[in-house]
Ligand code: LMR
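First comes one chain, alone, set out as structure tokens in the form predicted on its own.
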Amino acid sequence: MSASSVFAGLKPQAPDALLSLIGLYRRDPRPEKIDLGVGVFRDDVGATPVLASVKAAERLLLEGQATKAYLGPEGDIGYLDLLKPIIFGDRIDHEMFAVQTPGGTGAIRLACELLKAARPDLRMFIGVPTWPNHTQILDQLGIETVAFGHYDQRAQRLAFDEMMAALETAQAGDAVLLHGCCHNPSGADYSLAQWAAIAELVARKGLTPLIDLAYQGLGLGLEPDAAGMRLVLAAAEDGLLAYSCDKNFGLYRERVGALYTLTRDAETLDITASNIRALARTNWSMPPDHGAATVRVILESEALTALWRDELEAMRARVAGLRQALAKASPALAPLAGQHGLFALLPLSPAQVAALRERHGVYMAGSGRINLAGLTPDTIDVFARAFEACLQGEPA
């Protein structure tokens, strides 16, 4: 590169590991290969279908949408309002401001930028492991992070006591990032009693929760998946919730998200909302329309809402059934039966992950995270046998 180039000061960045995995999988000629990498729902034949409720809503949009004018900085207000009872239930004690975002990632980014602007010395407590983009966003913004153990990968158990001990060291004004359900990458969620204990600690210590709720409905169901995080938000003085419709509506490429900000008084909310609008303006100016409009059309219709709920339950049941089948296929996979959502974090070293890929055609993230929905009824036993062989005799 020319030393005079404006880009001369850039350093090469490592390619995204999951995107690289996609390329490896595509180039593998083995017909029996198994893709457990990228985190999208797949059905029994390995397809990621467009939901019938989505198709019906899109037909209505095609026939009836009168304009493609900008939505405004907050986005589709009907979409935001119709999601509220699904996310928060019938009772909301806080003042609330909502804005549509490009996916859950946009919501997380906006929330973190808002917190950084409000409190430059903010510390964010964050569980390990977590979704890698969480830490990448926090690092880019220069937000100090304090790690706590969420899941013991080797022991295959939730590290709840370790998390609570870490949060006891937090100070008023610190924030904590929590997965609302279907933890990515471990699948290990808190029980309702544990959520209640977290809520008490958040209130007592004066912490600000940032909830990432990206898989509502794919764990135990729409209501139980939200029950725990509702306790935490209700207990907090202020809180933020980043939401994604990408997974539970199957709208991955449409990037459909929202950020809900909660506080106790109207004056504080007005100031907060003005800052959110300003930050959103410099990030994406106006949010995209189609995905959020599709969700709104579904939720405006009793019939389409019922159809969507049935389709979501079918997706949830498939993933839960895969967990039970894997636990039955191998004692080493038994912990998966008590976890939720698309993902599990297996007790594998990078060398063992490589051995599964090279010897058995099983593709997964180097961390040992798998997307269970990549399995079919025909591949469950194949995968279980390969996993056991790797544990018993292949590189550690």
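Quick note: we count residues from 1 along the sequence shown, nothing fancier. All figures in this text were calculated on a predicted structure; none of them were measured in a lab.
Just so it is clear, the following notes concern the form predicted in complex with the ligand, a form of the same protein that is not shown.
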TODO: Identify, from the list 190, 125, 131, 151, the residue with a heavy atom within 4.5 Å of the ligand in the predicted complex.
DONE: 131
Task: Site check 38, 184 and 215: each within 4.5 Å of the ligand in the predicted complex by heavy atom - done: yes
TODO: Report yes if any heavy atom of residue 316 sits within 4.5 Å of a heavy atom of the ligand in the predicted complex; otherwise report no.
DONE: no
Task: Contact test in the predicted complex: residue 369 vs the ligand, heavy atoms, 4.5 Å - done: yes
Open item on the list: Is it the case that residue 18, even though its partner is missing from this view, gets within 4.5 Å of the ligand in the predicted complex, heavy atoms only?
Closed with: yes
Task: residue 109: touches the ligand in the predicted complex, heavy atom cutoff 4.5 angstroms - done: no
Task: Residue stretch of 38-46, 328-336, 353-361, 57-65 approaching the ligand in the predicted complex, non-hydrogen atom distance within 4.5 Å - done: 38-46
Task: Residues within stretch 238-254 having a non-hydrogen atom within 4.5 Å of the ligand in the predicted complex - done: 247
